[in-house]
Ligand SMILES: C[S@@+](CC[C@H](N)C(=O)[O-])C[C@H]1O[C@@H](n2cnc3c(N)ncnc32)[C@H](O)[C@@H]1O
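Single chain ahead, by itself, as structure tokens, in the form predicted on its own.
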């Protein structure tokens, strides 16, 4: 099958000049955004589902879209519990076949969900960020996950973190942010999924002949990496 998808266009010639400052700010200043009630309820339900798994390792599929990747990961790792999180009820409701018994789809704000997961002591064995919105305009650095105030929380959850994108610069920036935050060096490598695509985006980009990129790094669970406000209650 051949598909057509547009290449990413950016006004950046290389890693964003403000990246290090954004990461440093996230590491020093706590995120004070109030947690949405609907996400808190959704997390409590997900946490109860996870606790009923008798210690099964967790895979977190962050920004799972239509949930196809969650289904495929659940089939690939039948001894794990796989939780896919996305903010769109429409995307999550699309029919991509029966959901495996070891998988759960959750509608929630990822920024809030990640914070609740860390506070609850979640330690995913695997954590996937599959084709996040790259926000390729230079002015939008702070909306990329590595330029966002949530970045320390993503890293602090630990486990095998894998990022995939069709924009190499996004992955390179993420690797730089990881090294700054943790000292861990992640290798950015070309990725050829063949017929084993995890997401519809990966399938479309691959069929269009675009180059795909990824990094994978194993991180320690490190809640202390996240700054806490001095007046914040435990």
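Since the model is a prediction, treat every value here as computed from it, not as a measurement. Positions refer to the first chain, counted from 1.
The form predicted in complex with this ligand is left out here; the points below concern that form.
Enquirer: Would you mind picking out the stretch of 103-111, 72-80, 116-124, 151-159 that comes within 4.5 angstroms of this ligand in the predicted bound form, counting non-hydrogen atoms?
Expert: Careful reading of the contacts points to 103-111.
Enquirer: Only one of 193, 200, 30, 57 comes within 4.5 Å of this ligand in the predicted bound form by heavy atoms, so just point that one out.
Expert: Only one option qualifies, and that one is 200.
Enquirer: I'd like to check something about residue 130: if you look in the predicted bound form, is any of its heavy atoms closer than or equal to 4.5 Å to a heavy atom of this ligand?
Expert: Although this ligand is absent here, residue 130 would touch it in the predicted bound form, with heavy atoms inside 4.5 Å.
Enquirer: Does residue 88 reach this ligand in the predicted bound form if we count a contact as any heavy atom within 4.5 Å?
Expert: Residue 88: yes, in contact with this ligand in the predicted bound form.
Enquirer: Taking this ligand as it sits in the predicted bound form, which residues of 54-68 have a non-hydrogen atom within 4.5 Å of it? Please list them.
Expert: Going through 54-68 in order - heavy atoms within 4.5 Å of this ligand in the predicted bound form - the hits are 63, 64, 65.
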